[in-house]
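A lone chain, given as structure tokens: the form predicted alone.
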Amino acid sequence: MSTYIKLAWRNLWRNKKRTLIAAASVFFAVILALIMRSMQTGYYDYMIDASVRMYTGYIQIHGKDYWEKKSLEESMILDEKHLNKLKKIKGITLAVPRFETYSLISHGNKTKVAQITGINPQEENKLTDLKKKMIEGNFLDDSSKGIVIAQGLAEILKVGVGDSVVIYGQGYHGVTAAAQIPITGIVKFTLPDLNKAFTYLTLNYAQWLFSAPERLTSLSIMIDNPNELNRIESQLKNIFNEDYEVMDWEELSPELVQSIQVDNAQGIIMLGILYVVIAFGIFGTIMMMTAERVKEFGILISVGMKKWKLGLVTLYETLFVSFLGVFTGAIISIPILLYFKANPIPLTGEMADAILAWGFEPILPFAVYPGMFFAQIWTVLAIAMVSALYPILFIRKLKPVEALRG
């Protein structure tokens, strides 16, 4: 067996140009496949991370039936026992409490329905960077009795910092909630729906205003590793009994999941087309190598070499060429992908405008993880191995006399 391996290795370097051409076809195939998949998965990871940091978190905890009914009657109280167990779960980096409801907000003769969100200012800022979205006035602090409203809503009501708005709505157990509150700041969201409807109070003040002391509508959870999502979600479900709902980002944002699934299906189709092109390239190279060696094969068979042994040698040659192309392609692609992961490609024009409309930064990020390399490498190797059947079948049908005549 070692004799055939040595013979195959030496055969490769008898014609260096031919070997390098064959290895180059595999080399570029691996790089193209890795770059394409890295762009796809990188953008999906970016969309998910940006979406959960925009508001929902990777996991949310609600009172039972709150997500379906969105009523303060389904809000919850978290005791210290639950919170202490939650803090001990490995991988949780942030737990952001919120009190959310809807109410009428008015100024003068202008009135609109808006979402009132009671927040812990410091924790909320860690999740959503809300302070960076401030365009006027001051952000809330723990003792603030003012309100921060979105820019679009401020324009509808024709108010600014220092003006007061009236909030009128229904609190916990149907109690009337009404107050005149000064505007302390204005924030701007890129998504129009958020920019025309969101307002923020401090958590304690919102609970007092809506007669719901210590009650929360949601607890948003951030984790340090998205791959640990299922484990952390399972542990949270073990802590919080049937009086609570534990939902991950896929349940909270089904539209985003569907968008990723559709785009991923399109990406797989494009990757399939790329693999077809790659397969023809590799197969054409192997056909060229075989056609150049017809006379050589005829001489070897004529002097007594068995066809199956000659086929085995050509198989080893294809293996060596494939591994050479795959190995160098993977090694060269690593610094390229790491560079683009650290320096995402900025987007411009209509594509940038479309991404901004979704509230995301207009960039094309890349992802780098071991599984991506293995998947693409084994796929290209499989294509090369299938292509290696051609010289074996060719040798099997080869007639030495005809081969010697050229």
Partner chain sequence: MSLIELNQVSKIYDETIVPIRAVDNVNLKIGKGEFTSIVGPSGSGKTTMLNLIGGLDQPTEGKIIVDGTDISTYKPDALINFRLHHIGFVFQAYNLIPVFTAKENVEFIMLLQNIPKSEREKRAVEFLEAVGLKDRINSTPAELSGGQQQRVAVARALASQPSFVLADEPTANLDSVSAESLLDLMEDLNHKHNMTFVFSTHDQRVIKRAHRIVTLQDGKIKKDEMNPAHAKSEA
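This one's a predicted model, so the numbers in the text were calculated from it and none came from an experiment. Positions refer to the first chain, counted from 1. Between two forms, the rigid core is defined as the largest C-alpha subset superposing within 1.5 Å.
Omitted from view is the form predicted together with its partner chain, to which the following refers.
Among the residues 334, 279, 287, 305, the one placing a heavy atom within 4.5 Å of its partner chain in the predicted bound form is 305. Per the 4.5 Å heavy atom criterion, its partner chain in the predicted bound form is contacted by stretch 305 to 313, the sole one of 235 to 243, 305 to 313, 113 to 121, 194 to 202.
Interface membership of residue 397, defined by any non-hydrogen atom within 4.5 Å of its partner chain in the predicted bound form, is ruled out. Proximity of residue 295 to its partner chain in the predicted bound form falls within the 4.5 Å heavy atom cutoff. In the predicted bound form, at least one heavy atom of residue 14 sits within 4.5 Å of its partner chain.
Interface membership of residue 260, defined by any non-hydrogen atom within 4.5 Å of its partner chain in the predicted bound form, is ruled out. In the core-superposed comparison between the shown form and the other one, residue 298 has its Cα shifted by at least 2 Å. Superposition on the rigid core between the shown form and the other one places the CA atom of residue 260 less than 2 Å from its counterpart.
Residue 96: CA moves less than 2 Å between the shown form and the other one after rigid-core fitting.
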